[in-house]
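Coming up is one lone chain in structure tokens, specifically the form predicted on its own.
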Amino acid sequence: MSDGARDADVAVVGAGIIGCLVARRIVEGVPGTSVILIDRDGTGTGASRRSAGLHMPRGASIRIRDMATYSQDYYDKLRAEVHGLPIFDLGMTVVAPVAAADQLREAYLDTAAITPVERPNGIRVPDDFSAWTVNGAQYADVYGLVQAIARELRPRASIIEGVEVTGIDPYVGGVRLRLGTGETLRVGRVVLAPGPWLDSPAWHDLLAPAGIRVKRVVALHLEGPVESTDRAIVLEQEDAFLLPMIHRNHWLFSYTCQEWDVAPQSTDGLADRHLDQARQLLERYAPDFLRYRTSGRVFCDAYSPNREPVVRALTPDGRVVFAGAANGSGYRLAPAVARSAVDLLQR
């Protein structure tokens, strides 16, 4: 990738799970390439820190199923290579209308071995619904995982934290990055992985044609006991799930919040409306959980028009590439997104 004197061959802007895996793929796959990883805050402190980190072996399209398969294999290999990563195997049960059985079998990977089961403990299965077990699920402490990846990267890449990129200026043969510190970096290529920070003046105009929007993401923390044998419960029709966060010893309930065009910097905590929306679903499917003390996490994520991740060149010469808009599945699909971004960068 090197083609002239500069501060680095590649700059990756955004040090969440996608940005860190992009940097890792470059330093491992293209030896001798110099990489700078830059984040406006600390490594992994944005959407990655607030991610539930659930991996479901499924996809709504062929592309997403291919990405999920690749990412699942990647995480399995990563766990074998790096000891002690905070990635945890997990049993999973899906609750969905009986009439959706064929759609479920199409959406889930063959390795998921989706199988009908009796009604799961503690879950109310509505009339005309059924439950299925699914193999191959796992979840991660995504913040902890990003820290481990960054720790592994540091001898091989330069990491700049707490510094905002305020301008991106392509020129013949490279790209200048203007920083909030007043410095300028000269690099060969740039991968933008900013998560939900789409409104930055540095790249807002470059991204506008992609039609990406930012949606609020809400999850409740339910302070009930968690056992190592507890299973995640996916409410397929509601696009919601209950996750036993064994490493934190509480449950997480994620549901779909339809609040759009929000800004990460203006995201507040839980509001009454969030609690009401979540409790309505719990009342229908898991009323036993309503007795637990409730807190939670509120943030946002980037969503594409077709609900598939976006990996695309933003400049005619292909020197600036965007990777993201994973639609709430940043952790689940990050390895596949990183692979696509680096492949595009090398063309």
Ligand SMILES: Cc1cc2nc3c(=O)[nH]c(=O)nc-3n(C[C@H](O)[C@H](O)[C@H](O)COP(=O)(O)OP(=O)(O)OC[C@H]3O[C@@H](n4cnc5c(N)ncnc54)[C@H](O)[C@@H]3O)c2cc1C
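Here the structure is a predicted model, which means the values were calculated and not measured. Numbers follow the displayed sequence, beginning with 1.
The form predicted together with the named molecule exists for this protein as well; it is not shown, and the discussion that follows is about that form.
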property	result
Stretch in contact, per heavy atom within 4.5 angstroms of the named molecule in the predicted bound form, of 298-306, 23-31, 276-284, 313-321	298-306
Val95 within 4.5 Å of the named molecule in the predicted bound form, heavy atoms	no
Gly53, heavy atom within 4.5 angstroms of the named molecule in the predicted bound form	yes
4.5 Å heavy atom contact, Arg40 to the named molecule in the predicted bound form	yes
Contact label in the predicted bound form: Pro244 to the named molecule, heavy atom within 4.5 Å	no
Partner contacts for 94-120, taking the named molecule in the predicted bound form and a 4.5 Å heavy atom cut-off	none
